[in-house]
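Quick setup: one chain, the form predicted alone, written in structure tokens, and binding and motion questions come after.
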Amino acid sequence: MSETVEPSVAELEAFREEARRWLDENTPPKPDFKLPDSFLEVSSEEQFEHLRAWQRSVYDAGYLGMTWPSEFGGGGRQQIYQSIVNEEMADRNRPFMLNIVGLMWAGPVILKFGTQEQKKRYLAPLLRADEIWCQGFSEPENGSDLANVQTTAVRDGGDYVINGTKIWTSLGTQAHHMILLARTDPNAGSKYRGLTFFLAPVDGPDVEKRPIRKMTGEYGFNETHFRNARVPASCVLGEEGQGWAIAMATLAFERYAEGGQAGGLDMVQLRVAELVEMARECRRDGRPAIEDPIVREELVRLSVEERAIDMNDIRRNLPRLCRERPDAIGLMRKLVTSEFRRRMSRFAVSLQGEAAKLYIGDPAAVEDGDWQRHYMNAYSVTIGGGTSQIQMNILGERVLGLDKG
């Protein structure tokens, strides 16, 4: 059970110092290979094992899953403690967590809809990255129309037989389980009905994964094919036919519109302070770029926006400051942060002048071409979990009360 007594300021400051000390003493040294921007780009076994070891060390130290019930492997503590750890990780730009689908989406939705047996079976291995999770929502022919799922699941005794294809399954080649949306009743009368949500094993011979090469040269994505794959009925989350409601709850966790995630960072942190330093080094018309008034104006604009995002993350946890539209900050977070990351990366590349065309591995590339990779990868963040256009529609309808157009 979570604590009910509010911790004192002194207790929280002592905990923050403890977390800082642990992070300073236990962060793994920088490897001799390049780490990805996020779990979406994990391509090699050495990247995978490096990040898995980091997640395990954070969990074993008690700094992951701090709010989840202790009986399921969590810490049973208040959210403020996990928030402090997350803040300190971000300030120090520590590595992101590997098992993001499990920590941020699958775990919270299992806690919300799962049976006691499912919680005991899946949550602790997920927290420690002993078992890796991927997501099976999108399909090759259906774009953003999630409800138009064509993957089928037919009941056969104590199992379901699954056939179909999912795409963009990040970490698919390493995953043990998939949160899978499949159609169990094709005659339900509406595409939103007849869908069921599975905690499906994906490490068997009837599930084929084909890596997809991104424009960055990385292989984080996969296409996953189910061919008469048998999934035990005990893997159904919730009830048969409840899949659409559970999928929407999952997307609320993915978009940070609802709390309950296990903690940790989900990608490399990019800060405006890094752009300021780059602007001091890059040249424009023979002078440091930071002396250009247009560059300075954009740096100030980005700094203000970054500060607003940071403050909103704090404000979200203060109900008295969110009375008018209590859900607004959570619903807008994914849109605001993903678009900010894209624009910041684009500006960083533009600062480099002719060197903007150089990429990782080119000896003349600025900062080894990392900002070029950040920029290209930023587009996947504006698409995954619902495109920016979809997020705008959600805000218009659920926050501003606009009619559906």
Partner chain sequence: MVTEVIAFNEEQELIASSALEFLRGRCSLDDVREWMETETGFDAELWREIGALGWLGMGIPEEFGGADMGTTEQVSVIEAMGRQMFGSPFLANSLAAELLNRSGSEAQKRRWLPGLASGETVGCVALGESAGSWDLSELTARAEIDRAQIRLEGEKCFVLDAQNADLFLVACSGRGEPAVVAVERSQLPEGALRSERIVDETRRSARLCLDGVTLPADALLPGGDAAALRRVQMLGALLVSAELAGATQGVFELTLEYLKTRVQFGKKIGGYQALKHPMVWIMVGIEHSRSLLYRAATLWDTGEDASEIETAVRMSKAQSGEACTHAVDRAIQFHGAFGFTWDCHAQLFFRRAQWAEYSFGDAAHHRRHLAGLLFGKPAA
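Residue numbers count along the first chain shown, from 1. Computed from a predicted model, the values in this text were never measured in an experiment.
Although not depicted, the form predicted together with its partner chain is the subject of the following passage.
- its partner chain in the predicted complex: contacting segment from 89-97, 230-238, 294-302, 102-110, heavy atom within 4.5 Å: Checking each option against the 4.5 Å cut-off leaves 294-302.
- Classify M392 as contacting or not contacting its partner chain in the predicted complex by the rule of any non-hydrogen atom within 4.5 angstroms, answering yes or no. Although its partner chain is absent here, M392 would touch it in the predicted complex, with heavy atoms inside 4.5 Å.
- Query: Would L321 sit within 4.5 Å of its partner chain in the predicted complex, counting heavy atoms only?
  - Reply: Yes.
- Does E397 reach its partner chain in the predicted complex if we count a contact as any heavy atom within 4.5 Å? Judged by the heavy-atom cut-off of 4.5 Å, E397 is in contact with its partner chain in the predicted complex.
- Message: Taking its partner chain as it sits in the predicted complex, is L270 in contact with it (heavy atom to heavy atom, 4.5 Å or less)?
- Response: Judged by the heavy-atom cut-off of 4.5 Å, L270 is well away from its partner chain in the predicted complex.
- Spell it out for me: taking its partner chain in the predicted complex, does every residue among K34, P186 and E223 have a heavy atom no farther than 4.5 Å from it? No, the whole trio is out of contact, none within 4.5 Å by any heavy atom.
- Item | Among the candidates A245, A147, I314, I80, the residue which, in the predicted complex, approaches its partner chain to within 4.5 Å (heavy atoms) | Selected residue: I314.
- Of C282, A252, I329, V207, which residue is found within 4.5 angstroms of its partner chain in the predicted complex when only non-hydrogen atoms are counted? Contact check passes for I329.
- May I ask you to list the residues of 325-363 that have any heavy atom within 4.5 angstroms of its partner chain in the predicted complex, in sequence order? Heavy-atom contacts within 4.5 Å come from R325, A328, I329, M332, L335, V336, E339.
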